[in-house]
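Take a look at this single chain in structure tokens; it is the form predicted on its own.
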Amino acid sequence: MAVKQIQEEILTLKKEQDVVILAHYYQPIEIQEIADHLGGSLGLSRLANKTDKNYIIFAGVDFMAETASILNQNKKVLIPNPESCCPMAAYLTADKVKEYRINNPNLPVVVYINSTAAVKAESDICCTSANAVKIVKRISSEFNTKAVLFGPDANLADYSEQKSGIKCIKMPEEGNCYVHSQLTIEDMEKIRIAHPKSQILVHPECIREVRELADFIGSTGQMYNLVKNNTTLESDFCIGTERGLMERMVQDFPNKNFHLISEKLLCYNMKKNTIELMRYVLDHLDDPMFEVKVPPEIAKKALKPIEKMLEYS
């Protein structure tokens, strides 16, 4: 069946069945095209909390669907492919957070939204790549400390420490996003030579040496908005994040030119969701295989740091 036909069937079915589809910028472009809401982690977290639909299909990875479940315990949250997981989130467990707390008493725990529900439940506040610096400043002020515990992404911790002046103790030292951490100094130098008039945009999950060679460092949503608000008729952008965002911008801003910094910028886990699976789920909304349900006791604990993040954002 042609992709266009599948998309049309999905658009019809979701209206008939009280379904809202949330999709991250890193999803395949054909999924982005049929989503009700498209965005980065923070934007989608907020939207998940506001929907009046009984079924939420979250086209993303597992921790995103978990966040939607935490915020919507009375709704059914579904993920098209239950194997769509985030390797970064796997770097940190609830038990490890407890160990870090014991070894660093009195320090607040900041966990990236890219973490499991169980890890969120052991934290004081969550953050996204868009608000991490602000969150680190606010929570350290609240706890009257000059340091915080931060996980699981060590590069985002390093960036937050640079920008906030607050020591961010990494939980763990090696935590990283395998997509963004692949970008190298050589990649940056090559793209600068190939497109000398372009603005180079990279994600804070990149290593420090790469970030220092960029013109702009920001989340997916911040990159999108920078391009959107650019008033130059002819403008070039080199994109240093998962290619799904660039595919979205190519469609939305046809008068601008885009270049992917490296062909390595592909999240295989995000791409495990397919348009065919999206269609299948709409015929199996009550199949427990697709449901992501955070247990009430964990959801209750995890809700507090998420709500505090939204309040501080």
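Numbers follow the displayed sequence, beginning with 1. Keep in mind it's a predicted model, so treat the numbers as computed, not measured.
We do not show the form predicted in complex with 1,3-dihydroxyacetonephosphate (13P), though everything after this point is about it.
Three residues, F58, T116 and F290; all within 4.5 Å of 1,3-dihydroxyacetonephosphate (13P) in the predicted bound form via heavy atoms? No: none of F58, T116 and F290 comes within 4.5 Å of 1,3-dihydroxyacetonephosphate (13P) in the predicted bound form.
Heavy atoms within 4.5 Å of 1,3-dihydroxyacetonephosphate (13P) in the predicted bound form: which stretch among 192 to 200, 144 to 152, 215 to 223, 101 to 109? Every other range fails; the passing one is 215 to 223.
Please tell me whether any heavy atom belonging to K120 falls inside 4.5 Å of a heavy atom of 1,3-dihydroxyacetonephosphate (13P), as the geometry stands in the predicted bound form. Residue-level check for K120: no, no contact with 1,3-dihydroxyacetonephosphate (13P).
Looking in the predicted bound form, any heavy atom of M64 within 4.5 Å of 1,3-dihydroxyacetonephosphate (13P)? Contact check for M64: yes, within 4.5 Å of 1,3-dihydroxyacetonephosphate (13P) in the predicted bound form.
Going by a heavy atom distance of 4.5 Å, is P28 a contact of 1,3-dihydroxyacetonephosphate (13P) in the predicted bound form? No.
Quick one: is G244 in contact with 1,3-dihydroxyacetonephosphate (13P) in the predicted bound form, heavy atoms, 4.5 Å cut-off? Although 1,3-dihydroxyacetonephosphate (13P) is absent here, G244 would stay clear of it in the predicted bound form, with no heavy atoms inside 4.5 Å.
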